[in-house]
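Take a look at this single chain in structure tokens; it is the form predicted alone.
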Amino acid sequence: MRLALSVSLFVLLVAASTVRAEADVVRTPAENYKEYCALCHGDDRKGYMNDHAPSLVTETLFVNGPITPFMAISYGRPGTPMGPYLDEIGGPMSTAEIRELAGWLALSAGFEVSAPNRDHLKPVEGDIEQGKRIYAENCVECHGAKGEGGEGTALGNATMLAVTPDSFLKAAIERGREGTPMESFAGVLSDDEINSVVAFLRSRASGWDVEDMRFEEPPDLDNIVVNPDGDPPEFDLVDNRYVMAEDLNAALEDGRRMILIDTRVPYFWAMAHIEGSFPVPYYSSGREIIAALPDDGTWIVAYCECPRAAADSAVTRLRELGYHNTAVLYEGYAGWSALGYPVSVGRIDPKKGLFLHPSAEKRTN
């Protein structure tokens, strides 16, 4: 995902809204907030008006810039009162409107709309079993025995975990959410203990009740075909380019033969991905995987986060190289997760030119 580019767009969009406000033109973000958000989050954005909706003025919400609220508004928290607001998965707002609203929320809360630093995408190392114990002792009352939420956020929500970096989870635990029941655990828990809670939460990304948590590694280049003995899928592409999540999931459930390419940064693949996919970051040359692609018409489906830019670029390149049975997942990975389709959690091996999640070994204990 082009994180820096996304934040730059936030800056431009918020600047544009400021110009409109100064020219006495309707401020769309404020109107959208009042229309869609105020009922639960309150006119003052401090939350807890209805359905335990959290505060939108706390510093930790913006620890990664407006990206976290943007993703939360777009894809919601399926299974909770927070539904998705992105028009492409049934909501009433466009991507541009949600970007503008998220930037407006940051500025309204007194925080700058600036790019997060690289540390915000670093995974947090911790001991899963220790984190599980600490969660049971300190978190269940507000967040639920299975992370289902209540007075506190639904920490076991698959979509939240799929689009939220470890740094955000750690900041919320460490600093708390001022003006909310979520108090700071700095000084109550050690740094290692907080890291372990984060590691435990991350281990629940593909389901709270998973008994044997597997951290999938990328397939070998010789084994990048999913369901190699299956029949080819029969996709009905939109605009001769896009496959809908429902159709892709159906093809995978039917055991259809294909290749899945994840074009996000490797850390997002490790956080959660479509099982069997191979991480090929949008900024990489992709030479190795291109050399490994079978030249027999096998379908190749690319996806990125929110929702298509990097995957579109990859498919354009593949088609230029003569791979015409190619498609882009229309809803993107975040949409896939928000629609409730299955996900896997992974780790990356540095010998393959990427990186290994530093807590992977501990997390598999």
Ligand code: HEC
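The first residue of the shown sequence is 1; numbering continues from there. What you see is a predicted model; the values in this text were computed from it and never measured.
One more form of this protein exists, namely the form predicted in complex with the ligand; it is left out here, but the text below deals with it.
**Message:** Give me the residue from F278, F168, Y282, Y242 that has a heavy atom within 4.5 Å of the ligand in the predicted bound form.
**Reply:** The residue from F278, F168, Y282, Y242 that makes the contact is F168.
**Proximity to the ligand in the predicted bound form, single hit among A310, L56, A327, C306 (heavy atom within 4.5 Å)** = Going through each option in turn, the one that passes is L56.
**Prompt:** For F235, is any heavy atom within 4.5 Å of the ligand in the predicted bound form, or not?
**Reply:** Contact check for F235: no, nothing within 4.5 Å of the ligand in the predicted bound form.
**Prompt:** Taking 4.5 angstroms as the cut-off for heavy atoms, does N138 touch the ligand in the predicted bound form?
**Reply:** Taking the distances in the predicted bound form, the answer for N138 is yes, it comes within 4.5 Å of the ligand.
**Request:** Could you confirm whether D44 comes within 4.5 Å of the ligand in the predicted bound form, counting heavy atoms only?
**Result:** Looking in the predicted bound form, residue contacts with the ligand do not include D44, since no heavy atom lies within 4.5 Å.
**Prompt:** Taking 4.5 angstroms as the cut-off for heavy atoms, does T80 touch the ligand in the predicted bound form?
**Reply:** Yes - in the predicted bound form, heavy atoms of T80 and the ligand come within 4.5 Å of each other.
**Message:** Each of V163, I259 and F268 having a non-hydrogen atom within 4.5 Å of the ligand in the predicted bound form: is that the case here?
**Reply:** No, the candidate spot makes no contact with the ligand.
**Prompt:** 334 to 342, 48 to 56, 319 to 327, 293 to 301: which one contacts the ligand in the predicted bound form at 4.5 Å, heavy atom to heavy atom?
**Reply:** Stretch 48 to 56 is the one.
**Prompt:** Going by heavy atoms, what in 124 to 152 lies within 4.5 angstroms of the ligand in the predicted bound form?
**Reply:** Result: N138, C139, E141, C142, H143, E151, G152.
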